[in-house]
Structure formats: C-alpha cells, structure tokens
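For this one, two forms of the same chain are given in structure tokens, first as structure 1 and then as structure 2.
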Structure 1
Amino acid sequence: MENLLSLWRKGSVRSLIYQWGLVVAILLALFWVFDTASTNLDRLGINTGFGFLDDEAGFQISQTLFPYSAQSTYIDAILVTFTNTIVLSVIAIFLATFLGFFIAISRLSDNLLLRKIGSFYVEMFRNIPLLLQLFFWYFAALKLLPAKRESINLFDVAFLNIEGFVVPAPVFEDDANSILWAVVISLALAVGIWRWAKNRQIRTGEPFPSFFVGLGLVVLIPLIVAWLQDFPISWEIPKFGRFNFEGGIALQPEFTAMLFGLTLYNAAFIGEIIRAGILSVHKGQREAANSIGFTQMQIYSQIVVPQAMRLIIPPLTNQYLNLTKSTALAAALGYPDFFWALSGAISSQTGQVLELQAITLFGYLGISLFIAAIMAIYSRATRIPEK
C-alpha cells in the first residue's frame, strides 16, 4: 500500500495513468457508439455495407473528365465527381494565390489609389458570405450570357452563350502519343536545366535565364515533334444542333461561377496573408538590397519573398484547405462535385447514409492531407537553413 501510494505520488507515473485512462475511455466510447449504431441499424432493418457501389448509377453528370454515362456504376460516379472537385480546387488555388499576391502588392504600394482599391477589395470580398457570392456570380453570368440561339461567334470555331464557352475538342490520332512523350521529356529537361542553373549560380554567382529557356523547350520540342508527324491532332468543331451545340468542349457557367466566386473570395484572405508575410521582413533588408543595386523585381523575388515565405506558408495552407472544403458549396449551383454526388443522387437512391458519410469524410480528408503534405514539403524546401 505504502509502495503504491509512493508510486502515485510520482508525477511521471501519474501522468502515464491519466494518459492510458483517457485512451481506454475513448476506445470504450467508440465501442459504445459503434454498438448502438449497429443495434439501431439492425432494429430499423436498414441495409449496410459497401456492396451497392457496384450498382448502376442511373443518373448523368454534366461535367465529366473521363467517360461516364448513366449506365456506369456508383463508384464511377464518385470518381468522376471527385476529379471535378480536385480540378476546381487546384485551379481556384492557383488563381486565388496569383490574385492574392497582386492584392498584397497593391495594398503595400506607395500609390494611394492602388492602396485604396486593394483595401476596398479585401473588405468587400471577405465580408460577404461565400454562398451568396457564388449565387450572385452564377445568376449574373446567366443574365449576361447571350441566349443559345444568339451566341457570340468567334471565327466559327468557338462560341459563347448561356451554355458556356464552347471550344473545339482535340481528337488525337494514333501516333499522337509521341507528342505526349515529347511534353514529358521536355518538362524533365526544363527541370534539369533549372537545377543546373541554380547550382551554378550558388557556385559562381552567374545568373541564367532558366525560366525562359525551360518554357521555350516545353513549347518548342512538342511542336517540332508534331510538325515532323504532320500534326496528328484534328479538331472537332462544335455545331449547333436542334437545341444545343454538339461536339467540342464546353466550359460551363456552373464551373465558371464556382471558379470566379472561390477565387475572388479566397484571394482577399490570401492577399492579407501575403501582406503580413511581406511586412514581417525587416525594411533594412530591402534597403540593403537597394544599396547594392538590386532592381525592385530582384528585391522582391530574391530577398523579400523567400524570407516572407516562412510566415506565409502555414496560414496559406489553412486557406487552401478552407478553399478546398468550400468547393462543397458547388452542389447548390449545379456543379457536379464530390459532395453533390454523395449527398444528393447516390444518397437518396441507395439510402446508405452512414457509408456515404464515411466515403465523403475520407474523400475530403484525403484531399486535405495531400495539400497539407505538399505545403509541408514546399515549406521544408524553402526553409532558411539554420545551424
């Protein structure tokens, strides 16, 4: 007894007991939840399991990046809409960051007008609920776009109307694969040149225009390969049928409105994050760079931004995760995203709510962890080495 008491008085032992006690309590609670849920499901006679995923979905999806029809399975529907979510998130993240950077610069500028426009933008967009903005852009777009039979004709190949922006679709012939390979190889070459140039600059201080050389390679090599093969790509020109344009690829207003809304809203937050990061770099750094003859561009790209990045990355990651998760609002606008499929058609047709909740949960968790991982790698790569 005396021994046990003295053990209890030891802080490390006590905290061990608390920690394990908590673990056991959580496990018990989880077990309780699982047990109640399965008893209730049993009692109500509700089907369980993931077998339904192989059944025919029976509904169409308005934007599909790979072949899908109403005869496809639920799992296909989930994959197609998952891709739609990723595409929307990735493009919106890039555009919002780009725009956010300009907002930050303009808010920090010496020009009064630019500064005021920047703050007006930020206050305007970050203070109106996102869903409201999305509805605004969508119905504004529908109002502004011309009716189907009055579409704006661009050289008889591309058309703009309420259905969206319809452009010719590329049709790849058999030997078009070589072009894809040319793109891959030229990309690898560009990365190689960039690394070589960076190493050389660190060693000798000699700069090299690796960006432009790389860009040139990526554009020129595939073009030359295509030319050698007499351009094995043909174009399917959209034609107006009885009701709609047939053929071609349409950039639909639902997607455009989502992209617009998400970009403009998130750019306001990202702008503030970047501004804070830039302000965190001591102004002595800028003055020092200026005094040894750096241009404004160089001061930003070589001195300020690399140091600001340390502060920008963590909140920026948060913002990216927020953006990704808010793509779920797309369901309201008719853009077929991941949440749209799982919470709507599939849920009401199969009634497997718990299973679908689990898929939704792990789907978004997967995307979020992936983004967080990429940001962590980037942050590690750009970290200023310390002793």
Structure 2
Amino acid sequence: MENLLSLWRKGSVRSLIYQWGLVVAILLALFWVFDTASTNLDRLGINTGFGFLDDEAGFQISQTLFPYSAQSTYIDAILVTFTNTIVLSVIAIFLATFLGFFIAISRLSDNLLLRKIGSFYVEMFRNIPLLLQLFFWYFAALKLLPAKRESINLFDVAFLNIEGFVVPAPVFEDDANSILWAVVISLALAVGIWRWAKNRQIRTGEPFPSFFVGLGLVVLIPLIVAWLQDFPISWEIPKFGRFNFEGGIALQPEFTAMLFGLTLYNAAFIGEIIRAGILSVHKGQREAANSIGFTQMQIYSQIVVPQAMRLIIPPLTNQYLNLTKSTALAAALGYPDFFWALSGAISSQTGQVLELQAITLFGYLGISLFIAAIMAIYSRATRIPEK
C-alpha cells in the first residue's frame, strides 16, 4: 500500500495515469456512439458496411481526369472527385502563393501607389466571406461572359466564354515518359546542388547561385531530352466547329469560379504572412549586408528570406490547410469535388451516412496530413543550423 501511495505521489506517474484514463474514456465514448448508431440503423432497416462501394453509381460527373461513366462504381466516383479536389487545391495553392508574394512586396515597397494598392487588396479580399466571393465570381462575373460563338479569343490558343475556359490539351506520344524522367532527374540534381551550395556557404561563407543553376537544369535537361526524342509531346489547340469547340480541355465555370475565389481570398492572408516574416528580420541585418557590398537580390536571398522562413512556414502551412478544406464550398456551386460526391450524390442514393462521413473525414485528414508533412520537410531543409 505504501508503495502504491509513493508511486501516486510522483507527478510523472500520476500524469501518465490521467492521460491513459482520458484515452480509455474517449475510446469508450466512441464505441458507445458507434454501437448506438448501429442499433438505430438496424432498427430502421438500414444496412451498414462498405459493400455498397462496388455498386453502380448511376450518375454522371461533369469534370473528370480519367475515364468515368454512369456505369462506374461508387469507388470510381470517389476517386474521380477526390482527384478533382486535389487538383483544385494544388493549383490554388501555387497561384495564391505566387500572388501573395507580390502582395507582400507591394505592401513593403517604397512606392506609395503600390503600398496603397496592396493594402486595399488585403483589406477588401480578407474581410469579405469566401462563400460570398465564390458566388460573385460564379453568378455575377462569369455570367457576364459572351456565348461560345463570341468567345474571348486569347492568342488563338485559349477561349473564354460563359460555359467555361477552353485551353490546349497535351498529347503524349510513346516516348513521352523519357521527358517525365528527365524532369524528375533534373529536380533531384537541382535539390542536390542547392544542398551542396548551402553547406558550402556555411563552411566558407561564399554564396553560390544555386537557384539559377537549378532552374537552368530543370529547364534545359527536359528540353534537350525532348529535342533528342523529336519532341514527343505536342499540344492540341481547340478549334470552334459547327456547334462547339473541338479539341483542347474545357474547364467548367464552376472550376474557374472556385479557382478565382480560393486564389484571391487566400493570397491576401499569404501576403500578410510573408510581409510579417520579412519585417521580423531586423533592419540592421539589411544595413550590415548593404555595407559589405551585397546587392538587393543577395540581401533578400541570403540574409532576409532564410531568417524570415522560420516565422513564415508555420502560419503558411496553416493557410494551405485552410485553403484545402475550403474546397468543400465547391458543393455550393455544383463543382464535383470530394465533399459534393460523398455528402450529396452518393449519400442521397445509398443512405450510408456514417460510412460516407467516415470516408470524408479520413479523406480530408489524409490531404491535410500530407500537406503538413511536406511543409515540415521543407522547414527542416531550410532551417538555419545552430552553431
């Protein structure tokens, strides 16, 4: 008894017991919820389980990246819409980051006009709810576009109209895989050169233009391989036929509205994150670098940005996660994304609410964990080593 009392008095043991007690209580609560739900569903005559996923879906999906028809299974529908969500998220993340960087630079500029434009952009897009912005782009801005026959012609390669955005489609021949491998190898070489240049600068203090060298490798190596293979990748330019466009890829207005809304809304937050990170570096760092002859490019690439990334990456990761989860609002516009399929089309046909909600939760959780892992790897790679 005395031994038990002595163990209980230890803070670490007591804390461990509390933690495991909480875990057991949560597991019991989850089991109770699952058991109660299963009992009620059985009483109502609703089947449970994931066997329905092999049944025929019976509905069309307007935008797909791989073959799908109404005769496909529910699993195929889930994979198609999951891919749509990933594609929308990735494109919006890249565009929002690119635009947010320029917003941050504008707000830090010495030019009064640029500063005011940047401030106006941030205050306007950040303070209007995202759903209202999506409605504006879909029901107002895009609805003002002309019909197909009067499409806005963009250099005879892309066409914008009320039914969407028609862009060229890549055509891959048999030897196109070699270009893909060339891109992968060139990226690996660029990363290797960047790490070597970073370690070299830590040892000797001498900078190396790793960014431009890596960019040159990523561009030149695939071009050389494509030239040797007689360019096995071509582009199918859309042409307007008798009633519709022939060739190319038609991006739906729902996708365009979602991309516009997600990009412009999140760019305002990303711009403020980048601006705050840059301002966190004391101006004395810039003055010291300027005094020893560093150019503005060297000051930002070698001094300011490496130190600012410590504060930029955590909130930037959080903003990327918010952007990805915001794609669920696509259901309000009718864009066939992951949430639209599971909580709308499939749920209304099967009634398997619990199973579909579980798939939805784990799907978005998987995407979020993947983005967080990628950003964590990047954070460790850019971390300034402590001496």
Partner chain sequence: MNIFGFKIKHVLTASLAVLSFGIVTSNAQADRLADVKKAGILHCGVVPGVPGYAFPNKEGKMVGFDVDLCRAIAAAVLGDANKIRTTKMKLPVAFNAMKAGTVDVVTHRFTWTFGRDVGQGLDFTRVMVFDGQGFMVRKKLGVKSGKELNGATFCLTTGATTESNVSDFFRTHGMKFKQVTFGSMGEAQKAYDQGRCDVFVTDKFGLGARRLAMTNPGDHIILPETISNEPISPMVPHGDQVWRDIVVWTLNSLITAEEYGITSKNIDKMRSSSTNPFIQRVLGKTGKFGGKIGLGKDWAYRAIKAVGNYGEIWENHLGKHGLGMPRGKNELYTNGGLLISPPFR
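Counting starts at 1 and follows the sequence of structure 1. Under this definition, the rigid core comprises the largest set of C-alpha atoms superposing within 1.5 Å between the forms. All values reported here derive from a predicted model rather than from experimental measurement.
Each of the two structures shows the same chain on its own, and it is structure 2 that derives from the form predicted alone.
With the core held fixed between structures 1 and 2, Phe136 has its Cα displaced by under 2 Å.
Glu123: CA moves less than 2 Å between structures 1 and 2 after rigid-core fitting. Core-superposed comparison between structures 1 and 2: the C-alpha position of Ile233 differs by no less than 2 Å. On core superposition, Leu27 has its C-alpha offset by 2.8 angstrom between structures 1 and 2.
For Arg203, the Cα deviation between structures 1 and 2 after core superposition amounts to 7.8 Å.
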